[in-house]
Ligand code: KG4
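Only one chain is given next, in structure tokens, and it is the form predicted on its own.
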């Protein structure tokens, strides 16, 4: 959390300063800025009592100077510099500053890249600017900008009907979701015809509620986005027709978003992604390892050869005569279980997955125990299945990172809500910039489609009104 720096932060700040510079600012400087400066403001990014990064602004009339941004050594290249820069820029705009200025060492490639990516332009070179004789670039950015563009997004790929509105600065205006899970639970799974019929009944109301919650008009948004695929064809059609109708009537550009990109990019509401990224996407319909070089380059390095992990949970829950959806049920049972039953680990080449054999192993184990007159301990069986399945996911991710080194590891999709999977990810990827989405962002929602659509908008990737829905669309498309 970024907040104004306090005296109790100074010990950590001074240590970071000493570790980062040959000629660091001393403690007296920071104390003076905190106590007596009329033009300067110091900010610190603090997590669990630890100072991760800090920065300072000096105000001079209608302009401001960004005197420095410093990130603690162990946390560099994880997006904290971008986070601090974004915060300081927001503060400067609120102060009414028209320009932000800074100096940066010409040899500091990482900092220069960060500033250029965020709109700073080099205006001149200052020779021998630093005490060590290095030159500095003078860089500047204008702060008087047009209002951030807004996107209205619709999600209807399976059994959630949702609409959300967001802007380019990731300000969330509204997010409305209605689920059909209680209806489909009676059938033990999603019935496509029922899902599409319920989308038709609900979608107009959901869009209206999202617009009213946002306190804007549809005319105020700059683009309409929707899930173009993958998903259930009937469900996709309903969302697509609604989005196309809005785009046509209000004359707005139309964005067709890949569903899984939504699951990945919603993590940017937590913090910026640091490319390259390895995303483990796990849901009822998908199990994929995706290598993301940048926001336009997605490569599947591993996928399921049969059942998706979420589907396997549902089928195992059915074998155990438990309810639907199986994921939360088995997760809860497994927390009370212990090592007892043995299940074989699926053997698949490279980074691909297979869970049908594991599901069948559970079925055979249950039949054998029943034939022997033994009562099944459901907690222990759930434990055995979950530990086997989730360790496959984590082990494959770990192996893939050896061939595709990444700064960030991202967990995405409905199964990202699994408590044991989140524990394993934290244990195994503590050395990476790991992003685990909050539970409310794991299941399908339109906010994730809006977050992904911002990247499409940035690159002006629009679709025509006659664009077909694509139920089997690949994330590489």
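The model shown is predicted, which means the values in this text are computed figures rather than measured ones. Positions refer to the first chain, counted from 1.
The discussion below concerns the form predicted together with this ligand, not included here.
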> in the predicted complex, do 267, 408 and 437 all put a heavy atom within 4.5 Å of this ligand?
Replying inline: no
> Since the chain is shown here on its own, which stretch among 55-63, 427-435, 441-449, 37-45 would lie within 4.5 Å of this ligand in the predicted complex, judged by heavy atoms?
Replying inline: 441-449
> Heavy atom to heavy atom, is residue 355 within 4.5 Å of this ligand in the predicted complex?
Replying inline: no
> Should residue 272 be classed as touching this ligand in the predicted complex when contacts are defined as heavy atoms within 4.5 Å?
Replying inline: no
> Just to confirm, residue 295 within 4.5 Å of this ligand in the predicted complex by heavy atoms?
Replying inline: no
> Taking heavy atoms and a 4.5 Å cut-off, does residue 328 contact this ligand in the predicted complex?
Replying inline: yes
>> Quick check on this chain: which one of 229, 81, 346, 310 has a heavy atom within 4.5 Å of this ligand in the predicted complex?
In response: 310
> Since exactly one of 302, 285, 240, 337 fits, which has a heavy atom within 4.5 Å of this ligand in the predicted complex?
Replying inline: 285
>> Going through 407-439, which residues have a heavy atom within 4.5 Å of this ligand in the predicted complex? Please give them in sequence order.
In response: 413, 414, 415, 417, 418
